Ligand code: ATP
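Only one chain is included here, represented as structure tokens and corresponding to the form predicted alone.
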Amino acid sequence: MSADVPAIEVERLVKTYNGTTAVDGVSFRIPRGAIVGLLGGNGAGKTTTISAIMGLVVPTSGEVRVLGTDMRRDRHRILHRMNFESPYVDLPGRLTVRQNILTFARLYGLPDPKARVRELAEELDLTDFLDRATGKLSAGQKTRVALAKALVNDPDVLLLDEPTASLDPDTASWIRDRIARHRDEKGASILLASHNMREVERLCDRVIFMRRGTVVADAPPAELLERYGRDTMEDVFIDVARGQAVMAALESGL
């Protein structure tokens, strides 16, 4: 496959639920090897957009392609090259850490699942609690296990939803470093939904802001700070959420 084919292509995506439009004509492209933030307030349409990229939601109209593959018709051809992580999606709590990771390694058809579990346990510092029930872990430990699950197949495309939510600063920094390392070592493309603006500034090459189901800004963090005359991405986020960034862009002719 040509390196010119974007990792993710979303074109004129629309999703309507019972007469309510959650996503309204969203379009963007994510190149290979990029970390891109998908930001917006609650109800902006981020989760629906990510679900459509994963093939879990069928668009009302529009197209989603991952590594050149149409996710509506042929997602089975590409799912083995993708993965997802969110602290809001719990792994089975009664299964041990080892059992959970081993299950996903087998689901992805890895040639040596047990070896992959050992490799991830060492890499992500899971060895001490591999045989502990996942439901008995601390928040930080659960996040590391969820990251192990997300990296089990060395994905080319990784979708992350608030990967460091509710973590202490040290653990959050560790998780961010590991995400960045996966991109650097594997050339992976990562779409990151987050409300942590320091995290966004640290990790993201580019930021896509959504508001009320539409894209209202799409640029590198430094460009957005300059465009809206703000010192922090948190201030930009607040402006976008309140609609002020849209007005500023229109007034400046951008």
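Just so we're clear, the structure is a prediction, and the values are computed from it rather than from any experiment. Residue positions are given as counts along the sequence shown, with the first one as 1.
Missing here is the form predicted together with ligand ATP; even so, the following discussion is about that form.
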Report summary line: Which of 221-229, 42-50, 199-207, 61-69 lies within 4.5 Å of ligand ATP in the predicted bound form, heavy atoms considered? The stretch 42-50
Report task. Identify, from the list 74, 154, 123, 162, the residue with a heavy atom within 4.5 Å of ligand ATP in the predicted bound form. Result -> 162
**Report entry** ligand ATP: the contacting residue among 195, 29, 186, 32 in the predicted bound form [heavy atom, 4.5 Å]
**Finding:** 195
Query raised in the report: Wondering, does residue 22 line up within 4.5 Å of ligand ATP in the predicted bound form on heavy atoms?
Result: yes
Query - Partner contacts for 74-90, taking ligand ATP in the predicted bound form and a 4.5 Å heavy atom cut-off - result: 88
